[in-house]
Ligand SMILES: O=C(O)[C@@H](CO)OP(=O)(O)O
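Single chain ahead, by itself, as structure tokens, in the form predicted alone.
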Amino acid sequence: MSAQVFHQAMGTLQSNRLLNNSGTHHELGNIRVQLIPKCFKLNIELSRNRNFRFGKKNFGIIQATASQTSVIESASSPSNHDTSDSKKKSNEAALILVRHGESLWNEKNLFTGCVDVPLTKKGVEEAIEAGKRISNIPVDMIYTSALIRAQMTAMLAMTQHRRRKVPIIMHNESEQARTWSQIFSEDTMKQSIPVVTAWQLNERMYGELQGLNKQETADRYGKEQVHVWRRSYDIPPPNGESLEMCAQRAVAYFKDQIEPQLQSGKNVMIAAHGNSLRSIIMYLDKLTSQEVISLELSTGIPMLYIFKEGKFIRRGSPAGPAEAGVYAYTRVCNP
């Protein structure tokens, strides 16, 4: 619970550009926040009836100003009287990126690529934890790859969302599929989130390496050669895709299909893979081909961007969970 409170205060500070890398104090009306680099500590002092009761489902609301609220909702427990749709700024939208949880072939140290394998128990837990971290951010649409590990991650994450809306995969592969999956209740439609699956968001295809053990492959071809296949930008593995080739399809799909949704004010979550998400982040953050090859994404760690006035503003780091600045950071480190 305290993590949600921290996230709310951090989002407020970031939205007002008050957050920096040094230990400092800031005053937000009646709220006093102390930030310490790497290890986060939050001291909140509220007056009147705006009380935080840690361990109970009762939270106050932190806002940037009295007249301005963000697409990031106030930290509160689920309510039957949720009217947060009206709180969202009309000129901004949230974009959440989530790399799928650990898969069965991740666990076995095998090259997976476009082979369709499910999550491990750990991967399921990572997906659920990811859902907890984004439970207060409104989601209007979900995009996933065509692979089950990404779809499982999205579905499991949304079981933790405070709005309790139901993600429903849209089947548009044929007229019969569209007809058979049609929903006839308007009220049910309002409580649903459309989920679009797209092969363009798949992991990059590893060609002849798919299914091979990574250590055995390094022993066979040499560590340097395998490193080139895995980490270079434009050199593909045998009969596979390079990161550049993966980026061409993933970014094109993002521009054509997802960005217009954000422009219309919809909040979007993408559950995909290490390389397809690296490609999209390269576009969002305007990274060079050299910068993107050193970018590492942890499984199950959500990344948040705000789309505002035609620009993407990163609100959470794509670094691993041990780095300060990861969105919805929940770990508490000792002094």
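Keep in mind the model is a prediction, meaning the values are calculated, not measured. So that there is no doubt, residue numbering starts at 1 and follows the sequence shown.
Not pictured, yet referred to below: the form predicted in complex with this ligand.
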property	result
All of Y143, R249 and E259 with a heavy atom within 4.5 Å of this ligand in the model of the complex	no
Candidate stretches 106-114, 120-128, 178-186, 156-164, one within 4.5 Å of this ligand in the model of the complex by heavy atom	106-114
Among the candidates K223, R231, K255, H171, the residue which, in the model of the complex, approaches this ligand to within 4.5 Å (heavy atoms)	R231
Proximity of N267 to this ligand in the model of the complex, heavy atoms at 4.5 Å	no
R99, heavy atom within 4.5 angstroms of this ligand in the model of the complex	yes
Stretch 275-293 - residues with a heavy atom within 4.5 Å of this ligand in the model of the complex	N275
